[in-house]
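Just the one chain here, the form predicted on its own, laid out as structure tokens.
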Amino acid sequence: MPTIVPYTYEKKEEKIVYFTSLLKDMKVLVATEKPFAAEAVNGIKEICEAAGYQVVLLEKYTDKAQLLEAVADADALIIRSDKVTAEVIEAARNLKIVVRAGAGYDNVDLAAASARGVVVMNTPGQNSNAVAELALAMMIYMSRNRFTAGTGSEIQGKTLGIHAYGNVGKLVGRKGKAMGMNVIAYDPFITDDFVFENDGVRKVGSVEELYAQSDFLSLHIPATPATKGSIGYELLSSMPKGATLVNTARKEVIDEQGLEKALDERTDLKYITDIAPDAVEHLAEKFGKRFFATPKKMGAETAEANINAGLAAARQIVDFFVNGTTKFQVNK
């Protein structure tokens, strides 16, 4: 007889108990248009196969139909920036858990997953250092005129504002302080001032105050109905002379029309992002050195982050099936 292990899924106040047979052919699908590093893939296999699960890879796929076919009999799914839509969830009749290897999870339809009783998790903190290093590099890049001719400036002594003081924001703040910056932060969800004080960071009382004082503003808010399009003309035009907005979060949080208006009126303002705006070519042509977008999202593009997030995803799947652990569940 196979071992039967209960696991639970919390949906509002209702607790649904499932029973899953941990069979040798339980299938963990790793679906990545942009594949993990080989070391990460090998580690995922080692972790899952040690638990008796079968690992199947779908890498560099070019059509959604390939994902729909591959996920049909999957019990668990590991993804990176791949989109898990309602259609994907509907096609995955055996699916019990999706783990997004990374912090953001707006590429997963949480409502559709919850409706089917599918647990969705992320792997917070695994990519944080990579993103934080990129944010500081972007500040230096823009302060030095994108490494082109002309006199630039130093970031030492400047005020660094951090919008959302989570895993990445804290690391950006610590690295900024190590480089001699004055660091302030705003996060309405952190009520304990000691969190900021312990890092030597000054907490400000409002988002307006944050932008008005920041020479460099590092943006780390998620894309939610409340935040989409929330960073626009009013906030950007209030920033100090020569200020730079650094976005390693999501493009959706930027009001592109407001951004363009602010850059039009304030010829000293700069914007750099690793998530290309919809009007990326127009903005690049219009604002020259004051605007830059990386060719693709670069935040987690380090070997270390790639491996850390992949292995964390595999461990969370095993822990979920064996112990019912839902610590990093995001669709509660």
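Start at 1 and count along the sequence shown; that's the residue number. The shown structure was predicted, so the numbers you read here are calculated from the model rather than taken from an experiment.
Just so it is clear, the following notes concern the form predicted together with 3-phosphoglyceric acid (3PG), a form of the same protein that is not shown.
Segments offered: 158-166, 138-146, 80-88, 256-264. Contacting 3-phosphoglyceric acid (3PG) in the predicted complex at heavy atom distances within 4.5 Å is 80-88.
Of the candidates Ala76, Val172, Val246, Ala101, Ala101 is the one whose heavy atoms come within 4.5 Å of 3-phosphoglyceric acid (3PG) in the predicted complex; the others do not. In summary, among the residues Lys286, Lys64, Lys289, Lys34, the only one with a non-hydrogen atom within 4.5 Å of 3-phosphoglyceric acid (3PG) in the predicted complex is Lys34. Contact with 3-phosphoglyceric acid (3PG) in the predicted complex, defined as a heavy atom within 4.5 Å, is made by none of Ser214, Leu217 and Lys270. Using a 4.5 angstroms limit between non-hydrogen atoms, Lys203 is distant from 3-phosphoglyceric acid (3PG) in the predicted complex. The shortest heavy atom separation between Lys177 and 3-phosphoglyceric acid (3PG) in the predicted complex exceeds 4.5 Å. Not displayed here, 3-phosphoglyceric acid (3PG) is approached by Lys297 to within 4.5 Å at the level of heavy atoms in the predicted complex. Contact annotation: Lys228 falls outside 4.5 Å of 3-phosphoglyceric acid (3PG) in the predicted complex, judged by heavy atom distances.
Contact residues in stretch 118-138 (any heavy atom within 4.5 Å of 3-phosphoglyceric acid (3PG), taken in the predicted complex) are limited to Asn127.
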